[in-house]
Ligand code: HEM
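Below, in C-alpha cells: the form predicted on its own, a single chain.
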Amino acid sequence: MHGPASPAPDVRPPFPAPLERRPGPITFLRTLQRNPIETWTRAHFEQPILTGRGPLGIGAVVSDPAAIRRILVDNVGNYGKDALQKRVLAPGLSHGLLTSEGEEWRIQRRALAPLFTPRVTASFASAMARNAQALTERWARLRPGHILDVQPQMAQVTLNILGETIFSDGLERDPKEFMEAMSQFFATIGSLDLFDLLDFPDWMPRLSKLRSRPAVAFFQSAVEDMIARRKTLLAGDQPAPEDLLTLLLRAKDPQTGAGLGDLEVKANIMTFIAAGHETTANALTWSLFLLSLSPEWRERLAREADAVLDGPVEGMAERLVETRAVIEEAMRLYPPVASLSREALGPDDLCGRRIRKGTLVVIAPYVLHRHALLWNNSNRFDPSRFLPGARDKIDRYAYLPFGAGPRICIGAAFSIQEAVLVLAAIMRRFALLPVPGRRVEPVQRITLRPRGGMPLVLTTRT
C-alpha cells in the first residue's frame, strides 16, 4: 500500500461521496449522464474487481494492478475499444490515434513517435518556459486580490505552447476562438447521450452530437487550412518544419507505401489540439486548486522555483522535483481521464475472475487512484507520495494518469514537462487562495473538469 513519505497536513479536497449501494437502472443512467464519477459505490473503492450485470450489460470494474496489467499489456489483443467509447469520441476524433485500432493505429503511432523522443521533448522546454513567463507577466498586471478563473488561463497557455512546438506554424485561428470551441466540444460530446447508453442504432440522431457540430465544424475548418498551407510548403522548395503536421503528411505504411488519408490526418490533428492540451490544462488547474488549500506546499514550491528557475533551461523540469510531485498528486486525485473502457473480445481470467466474451471492462483511474487497498489516506492531498524513494514503491499499474501498455499516451513526457515548467513559474511569483464560500465540484466530461471553472484569489508573493 502506498502512503506518504512523511506526515503531512490533513488536506482533503472535495469529491463526490461514494454511494452505499448501486442505484436502480433509471437513477444510474440519469447520474451517468449528469456526472459519471457520482455513480461509484463504496465497494468500488474497496474491492479489487467487481463484476455483474447492469443497465449497460455485463461489466467488470477492475482495480487490481495485476489484472490491469493483463488487460493493457499481457493480453492486450483480447481487449478492444468498446462501442460506447467509439460513439462518444466519434465527432471529429474517429480514425485518429485515440480511437483507431490494429494496423491503422500502428502506422499512426510509428509516424508520430519521432516527435516525442526524450531529445525532442527536451528541446521544447525553452518555448514552454517562455510562454509560462509571458503568463506570469500578464498576471502581474492584475491587482492583488483579483479573483481569477485559472481554468481558461491554463487552457490558453497550453494552447499557446502547442502552437509553438508540435504545431510550429501556429493554429490558424485566434487562441480565444479555439478555447471557446474546445469548451463547447467537451461540454457536449462529454455528456453521455441516453441513446448511446441504451445502444440505439447509429442512424438515430443524438442531441449531444447535434450540439457539438459548431465546435467540430470550427476545428475542421482550422485544420483544413493548416493542412492546405503545409501541403503547399511541402510541394515547394522551402524546407518544412519537422513537426506533427509534417510527420503525419509524410507517414507511410511500411508494407504498402500508402500514406495516411486526409481523414486520418485531420483526426490526429484534432486529437492533439483537443485532448493534447486539455489534459495538461486540467492537471495544472487542479494543481493550483490543491496548492490553494496547502500553505506548506505553496511555500515548498516557491522555494524550489527560486532555487531552480534562474538556472539553465536544459534539465530544468527534472530539477523541479517537488513541483512534479504536486502535479502527479493532482493527477492522482483528479486524473485527467477518469475512466478507460474496453470490450473483452474473448473469454479471459483476471486474477481468478472469469471474464466472458463481450464483457465491458472498466479501468477507472479516478477509482484506482483512491482505492483503499492501494493507497494510505487515499483522499488526502499529499505530494510526498511522489518524492524520490516513495515514488518507486508505487505499483506501475496502480497509477495510470496516462494509461499504460502499447496505448500509453504518446505525449506523456511532453505534458509532464510542460505542466512542471508552467506551475513553477506561477508559484515563484504568486500564491493563489480559495474563494471564500465557493464550492469546487469535479465533473467528468471525458476529462475531469471543475464545474463552472476554477476561480481563485490571486496574491503576489512578498
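Just so it is clear, the model here is predicted, and its values are computed rather than measured. Throughout, we count residues from 1 along the sequence that is shown.
Another form exists, predicted together with this ligand; not displayed. Remarks below refer to it.
4.5 angstroms heavy atom contact with this ligand in the model of the complex for Trp40:
No.
With heavy atoms only and a cut-off of 4.5 Å, decide whether Met331 touches this ligand in the model of the complex.
Met331 belongs to the contact set for this ligand.
Would Ala66 sit within 4.5 Å of this ligand in the model of the complex, counting heavy atoms only?
Close contact is absent here: in the model of the complex, Ala66 is far from this ligand, nothing within 4.5 Å, heavy atoms only.
Check whether Thr271 has any heavy atom within 4.5 Å of a heavy atom of this ligand in the model of the complex, and answer yes or no.
Yes.
Please determine, with the chain shown alone, which of 333-341, 219-227, 141-149, 318-326 has non-hydrogen atoms within 4.5 Å of this ligand in the model of the complex.
Heavy-atom contact with the partner occurs in 333-341.
This ligand in the model of the complex reached by all of Leu98, Gly403 and Arg407, non-hydrogen atom within 4.5 Å:
Judged in the model of the complex, Leu98, Gly403 and Arg407 all sit within 4.5 Å of this ligand.
With this ligand left out of view, which of Asn131, Gln153, Thr359, Thr279 would have a heavy atom within 4.5 Å of it in the model of the complex?
The residue from Asn131, Gln153, Thr359, Thr279 that makes the contact is Thr279.
Could you tell me which one of Arg109, Lys231, Lys252, Arg303 places a heavy atom within 4.5 Å of this ligand in the model of the complex?
It is Arg109 that has a heavy atom within 4.5 Å of the partner.
Enumerate the residues of 14-37 that have a non-hydrogen atom within 4.5 Å of this ligand in the model of the complex, in sequence order, or give none.
None of them.
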